[in-house]
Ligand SMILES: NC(=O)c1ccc[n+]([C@@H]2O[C@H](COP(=O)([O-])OP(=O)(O)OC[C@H]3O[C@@H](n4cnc5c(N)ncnc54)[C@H](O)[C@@H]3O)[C@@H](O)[C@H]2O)c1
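Just the one chain here, the form predicted on its own, laid out as structure tokens.
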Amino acid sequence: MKKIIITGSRGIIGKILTKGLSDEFRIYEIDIANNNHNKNYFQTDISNSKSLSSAFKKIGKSNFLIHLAASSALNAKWEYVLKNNIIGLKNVYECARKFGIKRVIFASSSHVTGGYEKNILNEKNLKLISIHDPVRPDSDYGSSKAFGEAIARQYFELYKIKSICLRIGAVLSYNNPTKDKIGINLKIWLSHKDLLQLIKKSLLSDIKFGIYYGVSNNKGRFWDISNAKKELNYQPIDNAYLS
């Protein structure tokens, strides 16, 4: 079985992927949370380059890396964003370089272009937000994810590390967007099933570098996923309005 390292494995997305990919891949987890029940788990702070490098060395040569670890709150303080999403991300890509990992799936975020959303949510003739639109972050968190996409491109240009950057929508632990009283999750929901499909196809793709939005086939979604359909053969099957 091919080996995958998943950083941030104890988060919502990490738990879904760890469980959902375990039948096809050998999973190695890296997270800051305490977990002594799994021999393939390494408790590590990704902002500590020595500790992170030690974990990668113990894991050994791996085929893939899924990088999820981050301060993910939209209102996260800059000091945490800097530590985890800037310094930590750079450390992760350095480990990918040092330990010969040739494909990385980077969990970017729709907040890279979140600044557009205020103007389009009430529009009738909706123009889908595309990866070709200039970045328009809505927070320090969003800007840090734009930085992550730039680092991913840098490491491809310099070291030929292939990266797929996924601007992920709303992945919910309860997997039911209809519980959202505001209703925004009906448009930006990414179901667990569609998430797993998107990740698997990203892992096995021949694409050397790409940026894609990750969202289910929701009525009223405002992100363009045509490139994901064409290049990754992503075919979302869930629709929040039918949940």
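Just so it is clear, the structure is predicted and the values come from calculations on it, not from any experiment. The first residue of the shown sequence is 1; numbering continues from there.
Another form, the form predicted in complex with this ligand, is not on view; read the next lines as being about it.
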Single option in 65, 46, 27, 198 placed near this ligand in the predicted bound form, where near means a heavy atom within 4.5 Å: 46
Within 4.5 Å of this ligand in the predicted bound form, heavy atoms considered, which of 186, 32, 211, 203? 32
So, in the predicted bound form, is residue 113 in contact with this ligand at a 4.5 angstroms heavy atom limit? no
At the 4.5 Å heavy atom threshold, is residue 20 in contact with this ligand in the predicted bound form? no
Looking in the predicted bound form, any heavy atom of residue 171 within 4.5 Å of this ligand? yes
How about residue 83: is it within 4.5 Å of this ligand in the predicted bound form, going by heavy atoms? yes
Candidate stretches 148 to 156, 131 to 139, 94 to 102, 162 to 170, one within 4.5 Å of this ligand in the predicted bound form by heavy atom: 162 to 170
In the predicted bound form, do 175, 215 and 236 all reach within 4.5 Å of this ligand through at least one heavy atom apiece? no
Output the sequence-ordered list of residues from 1 to 32 with at least one heavy atom within 4.5 Å of this ligand in the predicted bound form. 8, 10, 11, 12, 13, 14, 31, 32
